[in-house]
Ligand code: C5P
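As a starting point, one isolated chain is supplied in structure tokens, in the form predicted on its own.
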Amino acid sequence: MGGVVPGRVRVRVPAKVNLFLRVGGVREDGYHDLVTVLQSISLHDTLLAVLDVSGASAHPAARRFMGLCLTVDGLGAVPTGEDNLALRAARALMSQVGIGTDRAGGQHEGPVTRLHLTKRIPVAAGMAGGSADAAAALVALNHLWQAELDRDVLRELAAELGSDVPFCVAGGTALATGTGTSTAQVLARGTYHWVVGVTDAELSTPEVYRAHDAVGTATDAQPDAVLQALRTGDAEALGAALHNDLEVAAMHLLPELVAKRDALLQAGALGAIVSGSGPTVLGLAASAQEAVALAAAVESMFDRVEIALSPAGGPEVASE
């Protein structure tokens, strides 16, 4: 590690959408085998990481220890305790690079890293908001602390935090298998225009998977049609190929999602799908102009409607 240097790093991190999601059987570890095509989309959270040395001891040994705190503003009720994925990511990076922590509390004489998260990605909405924030923390603190870890190492740390976190570290478009942590970038041409229908009700991912086990139907769907549409930049083909095995479970838990998806289709979407474990519903539009018209047509069906583009790349870093 190149040493801890005072500074500020700001990272904008995009949400994700599942263009294809097939859920397999339950593994011995309790997780499901997945095949999914992921793409980043231009709804962003922003994480500001600030290294505060104002109250630190002047002794160099004090820099082996690090205080850590998190504040949040923006959308949704986000926990700021140790269950927060961004904080868990920070702790994981601390362990990786050998920075101590004041987790036990008490008198702290070292520097403090202050994380401030501004939420725009809906919470518990099937768009990897928490996973994106964990990825942002890994990327931001890798810069702030001058850890100089490459993205492969960051993805390894990310895989220990959650199934979507490795993808969120890289962004773009990827095919993920296993529990979702094994990812490979895939070719995607073109820009896709989405109407994002946000519902304030939250769906717990574990609850949706339990519902899938109870009421879902196993499919043998393959991602080939989605991958081919992405390779050729064919939005109409992509709309027709969108697939999510968890959609039935999400609609079972929140039946209003059926009408919301159907409203997007009836208003002219090329395809519409529940995002991940829901309850966000996405409609694919043929163009930017069509997206504006589609959003206006379905606005009354949702608590909030956003227009977004994909793919949106990965986390964007700005030192201050």
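These numbers were taken from a predicted model, which means no experiment stands behind them. Residue numbers run from 1 along the displayed sequence.
One more form of this protein, predicted together with the ligand, exists but is not displayed; see below.
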**OP:** Spell out, yes or no, whether the shortest heavy atom distance between Gly162 and the ligand in the predicted complex is within 4.5 Å.
**Re:** yes
Original post:
Is Pro206 a contact residue for the ligand in the predicted complex, using a 4.5 Å heavy atom cut-off?
Top reply: yes
Original post:
Would His32 count as a contact of the ligand in the predicted complex, using a 4.5 angstroms cut-off between non-hydrogen atoms?
Top reply: yes
Subject >> Gln146 within 4.5 Å of the ligand in the predicted complex, heavy atoms >> reply: no
Original post:
Pick from Gln185, Thr80, Gln228, Thr179: which residue has any heavy atom within 4.5 angstroms of the ligand in the predicted complex?
Top reply: Thr179
Original post:
Can you pick the stretch from 249-257, 285-293, 46-54, 32-40 whose heavy atoms fall within 4.5 Å of the ligand in the predicted complex?
Top reply: 32-40
